[in-house]
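For reference, the chain that follows is the form predicted alone, supplied as structure tokens.
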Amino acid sequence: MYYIDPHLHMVSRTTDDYETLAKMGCVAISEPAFWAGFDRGSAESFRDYFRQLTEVEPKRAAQYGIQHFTWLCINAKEAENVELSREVLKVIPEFLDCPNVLGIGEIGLNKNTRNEAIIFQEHMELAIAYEQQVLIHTPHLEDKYQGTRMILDMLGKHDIDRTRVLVDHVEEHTVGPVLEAGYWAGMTLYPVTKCTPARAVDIIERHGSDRLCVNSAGDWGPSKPTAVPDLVLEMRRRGHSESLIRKIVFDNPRQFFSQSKNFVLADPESRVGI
């Protein structure tokens, strides 16, 4: 089955992972801007990173018939530095017209601090000014519920089409408020934290399939870039229809991303490469 991974940090993965993804049926990925494994020291380092996301990664992916899309921001881990964050925010508009850019993300909260909230709001203002979609990171573990509530409260202060916002890394205790508020929700399949495939399928069975996506969020830490096929297997094991599985792993992300003028998905049958 063909699928789209809506959240995958390929700058942290080897080229072998692209080959494996292609063999597993992945036809497109979206890569939100993220932490580099260390805190960057200048806006120029982010400019180089944005060039990597808009120039280098699309070429690496294309070798294996995978389309690469991306999002731009300064991530929540580094947003505590307000001065640096504001310098990066000035750089982002230079890249918004690049053909693989879908919007602003992954913005959000890390430790739910005042500075993180300030930069979240300024990212939202940028997204609205440039009519961009938004992809949001919710914090980990014990901070997730509080952080998600803070994010939903801040989002409510902005005049933005809620169907153009995806709140990611939801779990059992946060998916309901996100969907009830009218946003899209993303479930991340991690081997240690966030959702397992089994838990994600439980959530689908409980909340339905509308405005729900699943992703691997493969990055620098313990993660599995082929986690979406694991979910496909779990749904088949439980007897779910192929049409429902396709909706979750292909149709839903395509529907959400298609709200961006830059999301033009090629016919999977016409892929070149692997």
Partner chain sequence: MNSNQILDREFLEIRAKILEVAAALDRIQRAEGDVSSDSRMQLVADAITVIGTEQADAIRAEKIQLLFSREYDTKWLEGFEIASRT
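No experiment lies behind these values; they were computed from the predicted model shown. Positions refer to the first chain, counted from 1.
Below, we turn to the form predicted in complex with the partner chain, even though it does not appear here.
- When contacts are defined as a non-hydrogen atom within 4.5 Å, none of 51, 60 and 210 contacts the partner chain in the model of the complex.
- A heavy atom within 4.5 Å of the partner chain in the model of the complex is found for one listed residue only; from 179, 150, 96, 91, this is 150.
- For the partner chain in the model of the complex, the listed stretch (98-106, 164-172, 130-138, 69-77) containing residues with heavy atoms inside 4.5 Å is 164-172.
- Using a 4.5 angstroms limit between non-hydrogen atoms, residue 160 is distant from the partner chain in the model of the complex.
- Interface residue remark: residue 112 is counted as part of the site for the partner chain in the model of the complex, having a heavy atom within 4.5 Å.
- In the model of the complex, the partner chain sits within 4.5 Å of a heavy atom belonging to residue 154.
- Residue contact check for residue 87: none of its heavy atoms lie within 4.5 Å of the partner chain in the model of the complex.
- Contact annotation for 112-138: residues with any non-hydrogen atom within 4.5 angstroms of the partner chain in the model of the complex are 112, 113, 114, 117, 118, 121, 122, 125, listed in sequence order.
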